[in-house]
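In the block that follows, a single chain appears as structure tokens, in the form predicted alone.
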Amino acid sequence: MKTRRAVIGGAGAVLLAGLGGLGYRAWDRGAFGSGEGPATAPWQEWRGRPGDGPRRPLHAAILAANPHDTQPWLFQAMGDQITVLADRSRSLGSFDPFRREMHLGVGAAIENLMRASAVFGYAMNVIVNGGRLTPSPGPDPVKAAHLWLDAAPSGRDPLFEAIPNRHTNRGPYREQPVSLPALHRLADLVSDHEVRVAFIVDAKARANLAALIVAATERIIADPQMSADSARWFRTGRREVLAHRDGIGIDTAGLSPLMAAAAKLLPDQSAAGVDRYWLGMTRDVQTIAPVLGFILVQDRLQMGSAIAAGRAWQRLHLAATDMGLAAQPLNQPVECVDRNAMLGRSDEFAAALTKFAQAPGWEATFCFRLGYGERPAPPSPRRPLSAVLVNSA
């Protein structure tokens, strides 16, 4: 028969072993760290160094907004010329069958590149490639734009200064209205002959648009291929984040710090579980904001229009950051439009978005929300500049 001391000692050993195992999992999964380490180092290195020459602005370019943090860009830097390529191997598949969202991300990178170039003493000229986006193109990179730099006086730009602070905020927003003068400033900054922005502030209209976004999310998670293509870009533990340095992880999913730590300690969810969480967050948190809106172009499937819309979103998000505002893409309705077009089936989302915009001849290519975040958003993982430079000299 075991003595009481032996029983207690055995139980203590089991407890210590359990705590040790829990401690290791907490370390292995990065349960109590957020926005730290090598995966987010590019956010601290965003200014580059004077010795980098014409490549220096590329440190800012790789911090641009992009779909699902796929970072779908490559750069060729040859002397004073830079070619920007869309890396079609990093696609969202059925989420983005025309690679429209991919080119939005490339456009956002070009906007950061232009902002940084002016501050670092370069006048940057850009020629954007045209052509129509087609369904399911191959994985080879395609040239999106060619830029060349001339020496020019450097200047100050508040949008450039906002680059390291601009993060997608998927958490809750406060019930605090955004002033009309602030929205007018953003509209003036974004709108031109290629792009327009529409802000929805009326409570009833916002509720109706929120319902449309939720319906689109339900459509997406009911589509097995779209669900699988989404799950492919979700990152969980610390090791996976460090290995890929891309995608949406627990830290950037909009959870509170306590909930994020708990989620890292629990077993990984299935794709269906992640989908249910996404739908719940969309319905209960992410469509609740003082402003919903979308960016409009005349033809969403023109490459040049997609790039221009991406540049516009980057400007808007940088300016919003400078104003102390939070922002998040909510592009599910347009993703459903593209999916329906690829499959040749009827679509109700495009007409509904057009009705909200009240802009004949224009169509939505990007939906979002805007407001004041209850807490700051952490930085997303980013690949280093060296990983996206190709055939450069």
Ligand SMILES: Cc1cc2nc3c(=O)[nH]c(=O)nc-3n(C[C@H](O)[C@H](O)[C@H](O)COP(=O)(O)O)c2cc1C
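One rule holds for the numbers: they count along the sequence shown, beginning at 1. A quick note: this is a predicted structure, and the numbers were derived from the prediction, not measured.
This protein has a second form, the form predicted in complex with this ligand, left out of what is shown; the following refers to that one.
**Student:** Note which of 362, 43, 349, 356 lies within 4.5 Å of this ligand in the predicted bound form, where distance is taken over heavy atoms; exactly one does.
**Tutor:** Spelling it out, the residue with a heavy atom inside the cut-off is 43.
**Student:** Quick one: from 196, 245, 90, 166, grab the residue that has a heavy atom within 4.5 Å of this ligand in the predicted bound form.
**Tutor:** Contact check passes for 166.
**Student:** On the criterion of a non-hydrogen atom at 4.5 angstroms or closer, are 83, 111 and 307 all touching this ligand in the predicted bound form?
**Tutor:** No, because 83, 111 and 307 lack any heavy atom that approaches this ligand to within 4.5 Å in the predicted bound form.
**Student:** Can any non-hydrogen atom of residue 54 be found within 4.5 angstroms of this ligand in the predicted bound form?
**Tutor:** No.
**Student:** Should residue 170 be classed as touching this ligand in the predicted bound form when contacts are defined as heavy atoms within 4.5 Å?
**Tutor:** The answer is yes: residue 170 has a heavy atom within 4.5 Å of this ligand.
**Student:** Though only this chain appears here, would residue 101 touch this ligand in the predicted bound form if you measure heavy atom gaps against 4.5 Å?
**Tutor:** Although this ligand is absent here, residue 101 would touch it in the predicted bound form, with heavy atoms inside 4.5 Å.
**Student:** Check whether residue 339 has any heavy atom within 4.5 Å of a heavy atom of this ligand in the predicted bound form, and answer yes or no.
**Tutor:** Answer no; every heavy atom of residue 339 is more than 4.5 Å from this ligand in the predicted bound form.
**Student:** Go through 326-365 residue by residue and record those having a heavy atom within 4.5 Å of this ligand in the predicted bound form; state none if no residue qualifies.
**Tutor:** Sequence-ordered list: 328, 329, 330, 331, 332, 335.
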